[in-house]
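Next up: just one chain, as structure tokens, the form predicted on its own.
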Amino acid sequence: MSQFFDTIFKPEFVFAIIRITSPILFAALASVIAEKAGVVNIGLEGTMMISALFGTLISFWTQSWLIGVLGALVVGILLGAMMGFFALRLRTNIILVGIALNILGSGGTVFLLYLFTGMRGNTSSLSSPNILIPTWNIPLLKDIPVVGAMFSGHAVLTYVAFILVFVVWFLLYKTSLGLNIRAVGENSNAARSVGISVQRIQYIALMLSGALSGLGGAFMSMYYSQSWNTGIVAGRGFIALAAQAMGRGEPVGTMFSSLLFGTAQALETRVSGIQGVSSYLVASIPYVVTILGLVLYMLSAKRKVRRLHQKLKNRQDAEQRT
């Protein structure tokens, strides 16, 4: 037990939580925007896989990590637009479109990697400092004991991920585009009646969702793993969907849910090094936390619906008495 506490009560553990949370947070924010527009983007996993591959390849071809990140961003936008074309224009079930995109991300990327490079399974031989996202030691903060070790020295995209929480909140609640996105998601017929193009807004939402997923993919291959491989995303797209649900579809709530899942994965990594702890038990920690989190969310949602029904019933009873 002392080993356990010695492991988690260290600045390095908080550093690991923030690092692991970042790609989940990118994808979870992507899910928030899509959900607000009334479309379910379950293709986050596939989008991250494909964007991660192209981010690595583009950065290698140009020898610039920044161009690689921008390339992954553009690929994510294109994949979001593709989802919109099939789901909104061709009227294909969006769940099936997301599943197809995930399958493409799982198997199609192996073919694309072989097509472009002749490699099979990973790009470790392409890695070099020029194509990896740099870290940033924040001036002054890095010199503060303990705090500097926790919050300074992260990848540039890590800070971008947490800044985007407030950017997405501002977009949704302080701009006309955000108002239109929420109006379409809450009642598309009412939005259409006041002249809002529902299809256009949902296209924009899916493209923004794809862009954020693309950044998450770039983070995975160009910093977290420092190369692309077939298991690189490892279910983070699906975990992001759970984080969005637990955060009630709000950017700040989703950030805290993502931190919870990041803590579970960091705990798995740290505890696995403790002697005498079962590796099977440790490996199940993130999945157990996901299940428990969704159960708590379901109970909370049911309680909310029950309270709403009770309020409506009380109001009806009051109207009948008058």
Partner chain sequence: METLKTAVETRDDLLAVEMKNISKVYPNGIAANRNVDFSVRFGEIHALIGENGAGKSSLMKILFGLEQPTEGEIFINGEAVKLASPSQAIAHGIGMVHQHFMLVPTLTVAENMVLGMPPKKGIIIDYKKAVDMTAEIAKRYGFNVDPEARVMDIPVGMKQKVEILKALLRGAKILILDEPTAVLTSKETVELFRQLRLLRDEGFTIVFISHRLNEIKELTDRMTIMRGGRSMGVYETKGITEQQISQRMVGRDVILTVEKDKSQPGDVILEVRDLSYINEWDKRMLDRVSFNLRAGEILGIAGVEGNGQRELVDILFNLREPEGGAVYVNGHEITGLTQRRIRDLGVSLIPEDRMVFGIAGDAGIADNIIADRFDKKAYNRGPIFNMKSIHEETDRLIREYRIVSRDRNQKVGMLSGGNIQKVVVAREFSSDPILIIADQPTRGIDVGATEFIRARLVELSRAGAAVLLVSADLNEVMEMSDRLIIFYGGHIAASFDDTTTLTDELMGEYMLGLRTQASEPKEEKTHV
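Numbering follows the first chain given and starts at 1. The structure presented is a predicted model; accordingly, all values stated were derived computationally and were not measured.
Absent from the display: the form predicted together with its partner chain. The rest refers to it.
- Heavy atoms of Trp136 never reach within 4.5 Å of its partner chain in the model of the complex, leaving it off the interface.
- Shown alone here, Ser152 lies farther than 4.5 Å from its partner chain in the model of the complex, counting heavy atoms only.
- A residue is said to contact a partner when one of its heavy atoms sits within 4.5 Å of a partner heavy atom; Val194 meets this definition for its partner chain in the model of the complex.
- Proximity of Asp143 to its partner chain in the model of the complex falls outside the 4.5 Å heavy atom cutoff.
- In plain terms, the part of the chain that comes close to its partner chain in the model of the complex, with a heavy atom within 4.5 Å, is 169-177 out of 209-217, 169-177, 144-152, 70-78.
- Interface residue among Ile204, Ala183, Val156, Val198, judged by heavy atoms within 4.5 Å of its partner chain in the model of the complex: Ala183.
- In the model of the complex, its partner chain lies beyond 4.5 angstroms of every heavy atom of every residue of 12-49.
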